[in-house]
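Take a look at this one chain, the form predicted on its own, written out in structure tokens.
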């Protein structure tokens, strides 16, 4: 069976795209590996009408409602290869199972966060080690906050995080900021901890944080640590298809036009893999645009 649209990625962006296409009465297949980027977070904040809801529950609800549309099909698995099918469409191969063909593609597989190898950090990701203060800042308001230096963006992040509470910038052994940068940090009341970070140590629950252990043996008390992780594509499909990429502030992003069309005809991209600013609300909106744009291409662009 050849579908009108194949969507790789079944999280906020992919499901939002699928809903638009389902409501346009087009056949849609969603391939999903079951590992959304925000699976480590207990709640998703700032999402219209869903503030505080668990992201996995939001995804499950969206899937259930999509399945009310008879033209929607879900396939669990990893998409490992994508290519033109010789008939104006595409074929996607899975790690296990039969290849799937479609007239159009939406790449909504997201990105993978490359976390620093510091003891105690990875297991706290999404709980007390965080990225976005708009998503998870309010819950730590007025408490002891930290930013782990990973590059120049961390200086910007530290000044922003100070809006939510007293902030310490952990340089982790990197060079001290220059005079102008130091002055900007001090103007925001940000303390600077120059020593290398050895470990994050726990609080009352397994994923909570009591403090950061630095190289001289001190434990700097802390309730939440923010980082700017580098990211990579969660799937090789965009590269295999020949899509162009742009250098984003955190890592590469798939290049798209204003209607989420990539540089490869018939391939759209949405969500964290295809935009510079990344959160659940923006991913969903991106998916809506990609779904509508893809449908219009089926109507008006008979390749």
Ligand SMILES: Cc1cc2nc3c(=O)[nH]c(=O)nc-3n(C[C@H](O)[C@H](O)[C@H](O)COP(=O)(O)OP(=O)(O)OC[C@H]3O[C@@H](n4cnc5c(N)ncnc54)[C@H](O)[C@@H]3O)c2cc1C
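Residue numbers count along the first chain shown, from 1. Please read all numbers here as calculations on a predicted model, not as lab measurements.
One more form of this protein should be noted, the form predicted in complex with the named molecule, which is absent from this view; the next part is about it.
- None of 163 to 171, 197 to 205, 178 to 186, 122 to 130 except one has non-hydrogen atoms within 4.5 angstroms of the named molecule in the predicted bound form; the exception is 122 to 130.
- Although the partner is absent here, residue 136 lies within 4.5 Å of the named molecule in the predicted bound form, judged by heavy atoms.
- By the criterion of a heavy atom within 4.5 Å, residue 110 is counted among the residues contacting the named molecule in the predicted bound form.
- Although the partner is absent here, residue 293 lies well away from the named molecule in the predicted bound form, with no heavy atom inside 4.5 Å.
- At the 4.5 Å threshold, heavy atoms of residue 45 reach the named molecule in the predicted bound form.
- Using a 4.5 Å cut-off on any heavy atom, the residues of 20 to 34 that reach the named molecule in the predicted bound form are, in sequence order, 31, 32, 33, 34.
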